[in-house]
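Only one chain is included here, represented as structure tokens and corresponding to the form predicted alone.
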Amino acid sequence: MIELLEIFVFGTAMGGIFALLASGFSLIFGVSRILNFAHGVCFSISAYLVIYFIKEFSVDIFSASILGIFFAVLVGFFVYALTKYIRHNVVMVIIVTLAFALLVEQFLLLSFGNRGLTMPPFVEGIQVIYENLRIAKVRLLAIAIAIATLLALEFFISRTIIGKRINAVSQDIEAAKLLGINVEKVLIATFLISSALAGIAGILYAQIFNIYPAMILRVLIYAFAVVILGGLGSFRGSVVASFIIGYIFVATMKTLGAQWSEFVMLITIVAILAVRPTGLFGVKE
């Protein structure tokens, strides 16, 4: 019972982080139909900057986190500008965004080294959940922040004017233009929201695990795998797939060891896609 609860809590934390990362990736693809291979930059840069601001300028963790997310958003806007005139060329977008991601990875490697860095936790201490099950309070806080952010995103997309415009553009760009929607502004908003989500995910991840430069491409693989499993362009699909992968990831880690977690995760994705090629919530075009 305790082991199942532990898998559930840890899996929910991982799933929530994956969901924030993947939903942003899915949003960009759903609206602009491009694969942003620089998405992991926002994830990593926010965490590294939080650590840098705390270490070099003695900024408190909460203010540093806001600054980290702000810079992640700036990176997102830069990527939008970088791909604005080549969006029609899918291969070129992949090459440019991937090159940018590799460039930032090398910059982080030269600036911070290859060793993993830790971030001071938002909250200290251990919470007893059930009998002898002890969970770090920061993990529980990560779950709360991730779920609250996802709910806020769902409300934003489905209830606000900007969110409805994002939906309209994702369904049919030409029809959205005919309705008078400024597609470029919608694309900018999508990139900024996506980058903020990745930035929050990066900070939450660094609250639980070490962060290192190679995470830029590593988390991109996670996001891409989750988005494919959930169905390209499906926000809800990405969220559901993220939690599925989170539970599988943690369960494998607890039973077989950390070295098997990614292997089992990818095998599971392949098995599901073999049965449902369009993903859990994808549709045939």
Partner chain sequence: MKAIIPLAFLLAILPMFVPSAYLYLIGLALLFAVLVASWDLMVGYTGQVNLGHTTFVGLGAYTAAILQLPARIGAAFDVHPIVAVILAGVLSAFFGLAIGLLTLRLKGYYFSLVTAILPLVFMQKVFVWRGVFGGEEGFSIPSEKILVATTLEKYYVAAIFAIISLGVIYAILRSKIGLRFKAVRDSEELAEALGIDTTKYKILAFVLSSFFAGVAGAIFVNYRMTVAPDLYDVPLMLLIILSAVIGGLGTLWGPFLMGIIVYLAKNWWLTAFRFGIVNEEIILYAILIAVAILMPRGVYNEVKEKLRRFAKS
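Every value quoted in this text rests on a predicted model; they were computed, and no experiment measured them. Numbering follows the first chain given and starts at 1.
Below, we refer to the form predicted together with the partner chain, which is not included among the displayed structures.
Here is the short version: of L98, I181, V123, I173, the single residue with a heavy atom within 4.5 Å of the partner chain in the predicted bound form is L98. Think of it this way: in the predicted bound form, the partner chain has a heavy atom of just one of F224, Y247, F70, Y52 within 4.5 Å, and the residue is F224.
With a 4.5 Å cutoff on heavy atoms, Q259 counts as touching the partner chain in the predicted bound form. Although the partner is absent here, T160 sits far enough away that none of its heavy atoms falls within 4.5 Å of the partner chain in the predicted bound form. At a distance threshold of 4.5 angstroms between non-hydrogen atoms, F107 is in contact with the partner chain in the predicted bound form.
In the predicted bound form, the partner chain sits beyond 4.5 Å of every heavy atom of V240. Only one segment in the set 186-194, 160-168, 145-153, 81-89 has any non-hydrogen atom within 4.5 angstroms of the partner chain in the predicted bound form, and it is 81-89. Of the residues in 9-27, none comes within 4.5 Å of the partner chain in the predicted bound form through any heavy atom.
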